Each structure stands twice: as structure tokens, then as C-alpha cells.
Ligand code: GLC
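Given as C-alpha cells, the chain that follows is alone and in the form predicted on its own.
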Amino acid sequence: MKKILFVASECVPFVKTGGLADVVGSLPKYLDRTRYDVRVILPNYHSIRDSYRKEERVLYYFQMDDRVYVGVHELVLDGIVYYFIDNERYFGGYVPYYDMFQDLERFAYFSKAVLSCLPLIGFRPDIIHCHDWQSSLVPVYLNTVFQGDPFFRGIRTIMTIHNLRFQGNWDVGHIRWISGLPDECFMPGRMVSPFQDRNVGFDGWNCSMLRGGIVYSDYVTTVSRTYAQEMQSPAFGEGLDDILNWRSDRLLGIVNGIDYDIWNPACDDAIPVRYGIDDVSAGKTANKRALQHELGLKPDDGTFTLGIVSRLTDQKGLDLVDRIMDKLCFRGIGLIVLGTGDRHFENMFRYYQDKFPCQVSARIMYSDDLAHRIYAGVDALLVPSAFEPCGLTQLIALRYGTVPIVHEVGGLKDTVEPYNEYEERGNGFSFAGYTSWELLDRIDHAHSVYRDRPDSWLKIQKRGMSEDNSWKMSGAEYQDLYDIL
């Protein structure tokens, strides 16, 4: 039986700020437990609910580097063993992330503590599967500082990139100081780009923790096939396209899945009326009425209603939405928004809610239950992202019979097939150029099909609901990767 250790900064149900937590919390459940012993390790944040923290068992505590406290706690939930790295100084706040300057030190500590605790807790993984920049120093430490200990020799590593924009960047001097890594790690082409200005000086060069994870891992994966190709180009590579091209023979794109135990309209306790593929029309109509009533919108079954469930950042294409909001509302289209993020976008949606109170609802907050009701109650979901490594919202929308309208990038392109009215194919609508008029054109097309060809709209909904976007297929691809390591 192969032993796999997932290393991540967040994981449902303990802590979540984005899709990373969903992946780390869901994927282990779909791996074959007769073949793999999969465990997860993450920080023991103070913000984790007391009901979980009280169930943790203290396994070990020690001093790393003879001066820094490390506690290791354990919790078994749904058959999965979870370890928590405990340190009040680093993880005692009320939020999982602070600012980048502080987070660099916190997650350098976390990465080293993960490796340091393994000989003590009696678990030697065959493969360490790291997720995003917060755990990207694990492969670097493993293949440098820890190679003097026979315990660590032969352990293989996988680095999964969920979003290339977030890399853990700072100058060499600071990252070298907080990490204690040897100078060899900061040579050009390793944790430092080889294309930087040599006149700046060694300590002033820009350094990327994620680059280190890419260089020192055995395999690199990302969360969709298209994004794996896109990130090798300057347009999407965020300054790492050189190293990703160099490692292209070890770079794989595996589309994320969703947890079908959580996202299932047939047994979802968070929605007013449950439904399945056979009664999707009646079910969504009933949920739309309830949602309109809950949010104080004009009750009207015939109003074509769009939803946005997202972080409100520039990545998500909200600048395009801003340019067409008046046009949408003058067409009688409704919009329901749920999310938090940049103040500019939060205030933008508040403004349109005040301007069109009967059609627009902006809930600037995080609410998992309301998200379920939006997926069940709106007719279509807008995901016009400028770039999107994978995206989970469109997968959830398909599961709930909500038709996605997306920009053809990354995982959105891989999972949403544009509607073809001549061949009656497709599960959504998509646009290729990143312009507001193309987005508006696709919304108008979807609106016309919804209004004038309800039979075709129903077929689009059913095609989406009949697909399997769970972790079943993606989990099998990860198992194939584990087997070759």
C-alpha cells in the first residue's frame, strides 16, 4: 500500500477561503483506500471550529532547529487521518492568511515542520503531494537540507498549482533568512528567474517559493489540461513560463472534480425544494421563487436570472460585467451576486443593487448555504474570468441544472461545451475574446434560448446534469500518477 501525504494550507471542513480547500478535502475520499493510505497535514489555525479542535489528539511536540516550537495534533474524520502543525505564534490568529510578508515566514516554518515531524509520528510517506505556494518549500527542503537523513531519501514529491498568480514572492535576502535554505537554492534557474537584472545584486533578486516547488518536485500538476498549456506562455505564465516549459515533460493537467455528496440537488438540505434530472424544470422554478422572496427581488418566474458566486477580484472578469450591467437590467435580466473581495467590485455591485433593487441583489459576504440556494435558484451562472485554472462554480452549476456562461480559458474551456443549436449539443455558452460585447452577445443568446426555445433549454440543463464531474475520473488520473512514482 502506497503512503500519500497531502500538504496544504487549507482543507474542508476545517478551513476554507477558496477552491483549494475543496480539492484537498474531497480528493482523498475518492482514492482507492485498499491501495493508498492517504493522510492530510495542515496548520492548526485558531480559526478552526472548536468542535474539531477539541477532538484533536496531541501526538508530539518538539523544538525545531533547537529553538522553534512545533506541536503535532491528529484527528481522524470519515476514515481520513488529519495532522495539524500547531504553533500559536504562527497560526494563532483569527484568519488563515495575513499579508504576504508575514505569510512567507509562516509557511516556510510550516513546510519545514511538516518534514521535521514525520520521523516522530511514525508515518513515512512514499509520496508527498504539495498544494500551492504555501507548501512549495517542502520539495526544496526535502531535496537539500533533509537529504543527510536516510529517512527522507527516496520520498517522491508532486507539486500541484491551483493558481499560478500566487507564488510567495519576495527578495532573496528575506526568503533566505526566513527559510534557512542553502545558497544553492537561490541560484538563477532555481528559486530565482535566470532573466533578472544582474546589477541588482544577489540579495535583491526577486525570489519565488512556488518556483522552488516546481524545480525540486518530481512531477508538477495543475487543475486543467488547457491551463497546463496556457501557463507555459508569457501571457498566462506569471513570470514562470520559462521553468514550466523546461519541466513540460513532467507537467500534467488534471481537471478538478466536486464532491457529489455535498453538491447534489436531490438531497441538498440547504435548498427549499429538492429535485433531480427528471423534474429539473419544476424544481428550479420553485427554488427561483424562494430565492427571489428571500432576497427581496420582484417575484417573476419568467425573469431570466443570472448568478455570480465568486471572489470579487479582477481575475474573475467583473470589469466586463460592469460595462454591461445597465444593458442587462434594461433587458429585464436579473442578477444575484454572492462573494467578497476587492472593495471596488464590492461597491460596484452595491451600486447596481441600489439602482435596480427589483432586479439585482448583491450579498457581499461568504455564505455556503446561500451559495447552494443560488445554484439551485438561478437560470444561468456567469463565469467570465480573465483566466481560470479550473473553476469549480461551473461544475456545481452543471450539477444543479444551471447553465454556465463562461470565457473560453483554462478549466472553463475544458468543462463547458458551447451550445450548438443545429446539432443540439453543448452544456453551456462560451465566448473566446475577452470583451464585454462578446459576453453580452452570449448572454443574449442564452436569454433567447431560455425565452423562445424552452425545450432546447431543458435539454441543455439535462446534458449538464447527466455528466459526471465528480472526483471519480480525476481521482483515477491521480492514482495513475501515484503508481508511476
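Everything numeric here is computed off the predicted structure, so don't read it as measured data. In case it trips you up, residue 1 is the first one in the sequence shown, and so on.
One more form of this protein, predicted together with this ligand, exists but is not displayed; see below.
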### Summary
Assert contact_stretch over 93 to 101, 322 to 330, 388 to 396, 73 to 81 against this ligand in the model of the complex, heavy atom within 4.5 Å, equals 388 to 396
### Query
Contact between residue 113 and this ligand in the model of the complex at 4.5 Å, heavy atoms?
no
#### Entry: 4.5 Å heavy atom contact, residue 311 to this ligand in the model of the complex
yes
### Query
Does this ligand come within 4.5 Å of any heavy atom of residue 19 in the model of the complex?
yes
### Task
Check whether residue 223 has any heavy atom within 4.5 Å of a heavy atom of this ligand in the model of the complex, and answer yes or no.
yes
### Task
Given this ligand in the model of the complex, answer whether the residues 44, 134 and 179 all have a heavy atom inside 4.5 Å of it.
no
### Task
Counting non-hydrogen atoms within 4.5 angstroms of this ligand in the model of the complex, say which of 163, 206, 87, 359 makes the cut.
163
### Query
Pick from 315, 169, 143, 292: which has a non-hydrogen atom within 4.5 Å of this ligand in the model of the complex?
315
### Message
With this ligand taken in the model of the complex, which residues across 247 to 276 come within 4.5 angstroms through any non-hydrogen atom?
### Response
256
